[in-house]
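Consider the single chain below, provided in structure tokens and representing the form predicted on its own.
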């Protein structure tokens, strides 16, 4: 299976930078998720990899060979687009078997492939239906099965689960990854769903404004983000501004009101403007006076396994926490609580050049 490399790839549509000197390497057999907000350049990246869009500059390599200008069929890649692109005159089965038929696959192998694909996407009973007779989710599953059955070396998935109901989406997360791994495919999966990326990826590449911000394992990008934007996009955060008092294995930051808070290690210098980011899931609430802040519970939202709690802190604003749902009976609107966290689970960053609000803005 191929190793894929993009070197300084750029693609502009007028003033919009869909890819901005983008460099990325996808390893042989890797399942890589491209994660970013709408308009970040995710689909453009896939289209450049597939050969459907030519970059303005830069190069694309498959196994060390320059394929920047190669035709799509010369790349051994199959792309599942957001528009599905099913053949309207072909049934579900015929759409799935289009690739195997073109390759001259034997009848028994075609039957085995069809049965496994229909079973994977839960469409066995609709195998003779035409696209116009299917729901949006069924069409998406048909397109997914066709891509998987194509015999490609590289699988390019553009939001492959977005039209599916929640239960099926969760089930297919594991099955698609397992199937791609069992077939040894190099897979690039575009999504804006952080949970999907965290569950499915070997590595995640965070993209914004056509630029890769960070690449790492799910644990890396979740626990060790390299910017406030990544910290907030891959798991919501509470943010606190201040000036560094001291740094090292623990960083102490003094907020505008004079109180001192702590975060993880950094090399920031004393006096530098800094931002402390604490994931909602790492934010603790206690009724004992042992926290960094004290406030009043103003809202609780039941989310199944967790509850979302908003605490109003005078002169600070709202601080949120995500707690196990059994805590719901222990908290009530109006309760006085302290907010704290384990310093090692908080990240600290230099203040972004354009300010925190601009850094966190999602277009």
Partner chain sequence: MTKVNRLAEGRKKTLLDLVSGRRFRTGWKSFIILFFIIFVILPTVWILSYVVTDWSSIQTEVFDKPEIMQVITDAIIASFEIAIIVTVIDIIVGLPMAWIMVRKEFKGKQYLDTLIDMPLAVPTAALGFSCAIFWAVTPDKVNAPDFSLAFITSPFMLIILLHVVFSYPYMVRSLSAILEQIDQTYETAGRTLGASKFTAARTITLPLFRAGLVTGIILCLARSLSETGGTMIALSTMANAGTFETGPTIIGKWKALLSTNPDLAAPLAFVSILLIVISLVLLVVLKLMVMKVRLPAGKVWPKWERTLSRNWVPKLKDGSAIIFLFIFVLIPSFFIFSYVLVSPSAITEWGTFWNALIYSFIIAGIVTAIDIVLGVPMALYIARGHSLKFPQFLDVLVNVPLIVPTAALGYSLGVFWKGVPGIGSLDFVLIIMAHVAFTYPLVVRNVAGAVEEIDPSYEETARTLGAKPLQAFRRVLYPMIKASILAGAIMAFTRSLGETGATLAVVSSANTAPVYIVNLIKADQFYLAAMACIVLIIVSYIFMLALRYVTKRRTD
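Residue numbers count along the first chain shown, from 1. As the structure is a prediction and not an experimental result, all values here were calculated from the model.
Just so you know, the form predicted together with the partner chain exists too; it's not on screen, but the next bit is about it.
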(message) Does any part of residue 338 reach within 4.5 Å of the partner chain in the predicted bound form? Heavy atoms only, please.
(response) no
(request) Would you check, heavy atoms only and a 4.5 Å threshold, whether residue 189 touches the partner chain in the predicted bound form? (result) no
(request) Verify the contact flag for residue 330: yes if a non-hydrogen atom of it lies within 4.5 Å of a non-hydrogen atom of the partner chain in the predicted bound form, no if not. (result) no
(request) Report whether the minimum heavy atom distance between residue 44 and the partner chain in the predicted bound form is within 4.5 Å. (result) no
(message) If contact means a heavy atom within 4.5 Å, which one of 111-119, 258-266, 207-215, 92-100 is the stretch that engages the partner chain in the predicted bound form?
(response) 92-100
(request) Could you check which residue among 275, 79, 244, 176 gets a heavy atom within 4.5 Å of the partner chain in the predicted bound form? (result) 79
(message) Going through 72-100, which residues have a heavy atom within 4.5 Å of the partner chain in the predicted bound form? Please give them in sequence order.
(response) 72, 73, 74, 75, 76, 77, 78, 79, 81, 83, 85, 86, 87, 88, 98, 99
